[in-house]
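Okay, here we've got a single chain as structure tokens, the form predicted alone, with questions on binding and movement later.
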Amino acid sequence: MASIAASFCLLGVLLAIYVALFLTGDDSPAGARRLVTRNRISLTQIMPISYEAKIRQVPGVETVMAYQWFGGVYKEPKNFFARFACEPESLFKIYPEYRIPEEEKRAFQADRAGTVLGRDLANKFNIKTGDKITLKGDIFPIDLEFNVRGLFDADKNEEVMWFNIDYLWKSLPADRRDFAGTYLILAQSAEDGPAIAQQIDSLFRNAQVQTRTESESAFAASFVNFLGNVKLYLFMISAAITFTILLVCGNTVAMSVRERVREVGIMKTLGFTNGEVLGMILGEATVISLLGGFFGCVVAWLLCRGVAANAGGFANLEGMTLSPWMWVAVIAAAVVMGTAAAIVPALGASRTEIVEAMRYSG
């Protein structure tokens, strides 16, 4: 049972990772309306700030904001979290789900060196409104000091820091200013999204810097592609686990049957039929697999909670969980594979003649 639980625990975690990375997006009304425009070549390549005004004129665009990943180090390299430069006047229009006191919002917008943090992030590092924090640059060769002007609450992805992109520009040499790594766009409706993406990319098709526009959820999932063909890796690992589970279940049941051949002979002597013996052995394998699958799901659920709590907003992993349908799928797979693996040894045991069973010495 422990072997089966360990195997299906890993299978459950892999399933949860796959769903979080490739099937889960921001299902909020605003999330469905958000689009991201980046350099067509690579996310690491910047775009001119002049693109913002042109994107704003595309029909169906409600608002647009330039933003840039800053990176940097907060105290120690292990303290990783998302750090974005943005346009403060547009931030809360594009993310209306951010809940923040009005006075803190105004203080952030009025202070070029101001920053706002998700409450989970602030609690994690014991940061309070009014504190000063410093990021040591790595991508950009500058160190920036910020005034914490507010903390916001959100239903998800609170481990993020936003600050004024103008502060970043003014801290860089003149020839490295006025750029954007990405543009975040809020469409007037979710239905307008595909048409807007197509129009934006067509607008810059003949420009020196071409663009790629996609939904926010697709953009988040694209980060996973930087790690390689993750879907293939997950499939190969899952296939190996499934094969291992079949071997574990089959070997366990086969050993159990071999140890009790004489018991099978005694049962047949007492009147048990081949079908009844077969049913008992398969039933035992099914129950063991069922319990193993259940306990494996329990451990997988705990592991998923741990990953979600420390994901730092990476690629939707903060929403990683073992949902009810995953519990059903994993436990059902455990029952099916456990029972299937037991069929051959169970059939062999049920067909054993009484004389042969009584002669068996183990």
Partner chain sequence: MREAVIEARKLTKIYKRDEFEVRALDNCDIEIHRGEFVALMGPSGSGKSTLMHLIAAMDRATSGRIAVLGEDLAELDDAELARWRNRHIGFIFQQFNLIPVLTALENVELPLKLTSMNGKERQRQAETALKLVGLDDRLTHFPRQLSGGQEQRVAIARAIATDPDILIADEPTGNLDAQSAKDVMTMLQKLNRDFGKTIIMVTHDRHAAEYATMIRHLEKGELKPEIEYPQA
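Rigid core here is just the name for the largest C-alpha set that superposes within 1.5 Å across the two forms. Positions refer to the first chain, counted from 1. These figures come from a predicted structure and were not determined experimentally.
Not pictured, yet referred to below: the form predicted in complex with the partner chain.
The stretch among 159-167, 72-80, 114-122, 268-276 whose residues place heavy atoms within 4.5 Å of the partner chain in the predicted complex is 268-276. Interface membership of residue 93, defined by any non-hydrogen atom within 4.5 Å of the partner chain in the predicted complex, is ruled out. In the predicted complex, no heavy atom of residue 347 sits within 4.5 Å of the partner chain.
The partner chain in the predicted complex is not approached by residue 340, whose heavy atoms all lie more than 4.5 angstroms from it. Contact check for residue 138: no non-hydrogen atom falls within 4.5 Å of the partner chain in the predicted complex.
Distance criterion of 4.5 Å from any heavy atom to the partner chain in the predicted complex singles out 262 from the list 262, 132, 106, 176. When the rigid core is held fixed, the Cα atom of residue 354 travels 2 angstroms or more between this form and the one not shown.
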